[in-house]
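Consider the single chain below, provided in structure tokens and representing the form predicted alone.
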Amino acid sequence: MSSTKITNIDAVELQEGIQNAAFHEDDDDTSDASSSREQQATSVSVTRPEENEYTQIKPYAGMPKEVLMLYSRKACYRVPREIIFWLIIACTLALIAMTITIVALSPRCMSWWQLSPVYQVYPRSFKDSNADGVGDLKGIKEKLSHFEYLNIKAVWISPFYKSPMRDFGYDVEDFRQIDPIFGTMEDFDELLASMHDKGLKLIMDYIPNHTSDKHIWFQLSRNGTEPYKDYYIWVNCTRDKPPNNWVSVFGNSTWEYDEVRQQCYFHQFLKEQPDLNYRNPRVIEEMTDIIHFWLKKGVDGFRMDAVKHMLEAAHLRNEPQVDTDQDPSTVDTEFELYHDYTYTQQGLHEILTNWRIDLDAYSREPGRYRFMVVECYDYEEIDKTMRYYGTSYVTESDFPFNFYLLYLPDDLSGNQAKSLVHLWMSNMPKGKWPNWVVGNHDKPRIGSSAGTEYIRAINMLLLTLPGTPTTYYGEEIGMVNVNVSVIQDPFGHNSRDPQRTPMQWDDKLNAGFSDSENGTWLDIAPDYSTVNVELQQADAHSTVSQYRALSLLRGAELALSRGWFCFVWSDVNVFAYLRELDGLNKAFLVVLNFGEDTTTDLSSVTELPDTLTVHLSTVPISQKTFTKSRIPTSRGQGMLLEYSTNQRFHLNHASECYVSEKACYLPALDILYNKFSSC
């Protein structure tokens, strides 16, 4: 009896344990094992009503997998698990769909060259680090904090290649070397690394049209050495009779007789700057290799100089005179001829487009877009300038420089300002990005040509128009032309020296530009003790403080950086426009006075609210709000007025408004979307 009970107990314990089908008893015990299994089966069938059912009430720690699986099949565990699983799947799919939708509907992110002003540094005049009276690369590095203060992200540095300096760096002797007056290649590498560490971009000046006559290519070409023989443009001529009537930018004939080769070579600038022959494929290859050399070093872009001069007609015909009655022998300036055969010739845009492709190849790394801007003065032929944007199928430059605001002082008024802005915006190809320039190393400073009382209003214009503004060094503090004591510029009586004088950093020796006790390469401005960076940074109402405030605001406000631009008003005194963005209630009205004291009535602009708040004024005022029917401005004053509205001006005034790319703001998610239609 007792032996039977033990067998039954053992049977239950074995049933609850993990069974091993591969286990076999000894052969001698086969019959006993068979009998025991029959008894176990009988015992289990009596004591456990359902085979393999586990009757433990609650799960316990360390339970085996088989037990855990029994519990996992129960509805109270299975159903919640399945609900959570499908919720996760649904949420994941929804997030993916939302991401795809946002990406599809969002406008493109703005690139670095669109996010801040471009600041032009003329290296001879920015900062001297070694007390020789001439600015250099180390000096620029010392002043990188100035760009950060101004919220500048892109810096264009004028030429610092090795050069005889006949045209102050635009006559290049070696495109792969730094001129000793500016430092060494190591100095350049350190400057570039420091700029990148601070989030700054470096734009180099690239001079494709010509070289110096000291360049090794020209020396070999004039000797007839292959393959350099045709690197430049040579024609048969005599000393006294040039091949045609073509005139250089600097005046007189474009042809210079060379005693060595006994032929004439072509130069559109100084005779020491012979033009390269872009009809020769090897020249294109050489100049492309130079672009690659600097791209590999890490430069962020190029300003391409004088590109319209790069090709000339091969037939060498005389160009037509502007005044047909003028004696041909007296024609000696570029403005006396129509340059049908020397400017913007067929094949030019193909060369530039291929260079754009080369830059794009280096732009594939995230955040390393390589920028390209071209210089071309086409004056009244603005359609030729616009061609440098490329076409709807082919990209060329990111933009050609817009020099038309340089003509603002010719007829300084609100109407003139509107006319010049409209000229660019109405001719610019749809979807392209505008830009604005009011000064550079070749043109008089705007403070001298327009008047110092208008400097702040012009800076406000520059920093509140849509697109990329370019600031020439010193404009942020209101520097003006200087009557230099000794002319250095080869232009002579048309000298560009007055706008190239040293930067005014403080009121100490040489305006803080140089420690030289022997003077500086050009005279220091006599007003440096009152017009300098250090003094103005300490004054919240100074020219540089207002420049900085506008630069920061431009980067922070979507309406200013990428919103609609709309003309609102212009007359002999005032130019007014607004900046708005669909979906964003905050908008800005800019009122600029380029004439005399006046009061402007904008009550006819129904989209404007009755009350406008002063965000910034270029002259101190006590009144902080104005009604739109009475906005007073004084001579040279600029006001940035802020207002809140749900009405959109551009919807009812399409002919007066422009935007490069439509975008709508969604406040709930703080995102931009829907670039295809109105919000």
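A quick note: this is a predicted structure, and the numbers were derived from the prediction, not measured. From 1 onward, residues are counted along the sequence shown.
The same protein has a further form, the form predicted in complex with a small molecule, not shown here; the description that follows concerns it.
Scanning Tyr170, Phe218, Tyr454, Phe188 against the small molecule in the predicted complex with a 4.5 Å heavy atom cut-off leaves one residue, Tyr170. In summary, among the residues Arg496, His339, Lys138, Lys384, the only one with a non-hydrogen atom within 4.5 Å of the small molecule in the predicted complex is Arg496. Listed stretches are 603-611, 240-248, 568-576, 300-308; the contact stretch with the small molecule in the predicted complex is 300-308, by a heavy atom cutoff of 4.5 Å. In the predicted complex, the small molecule sits within 4.5 Å of a heavy atom belonging to Glu375. When contacts are judged by a 4.5 Å heavy atom cut-off, Asp323 does not count as touching the small molecule in the predicted complex. Using a 4.5 Å cutoff between non-hydrogen atoms, Arg500 counts as a contact of the small molecule in the predicted complex.
Contact annotation: Asp442 falls within 4.5 Å of the small molecule in the predicted complex, judged by heavy atom distances.
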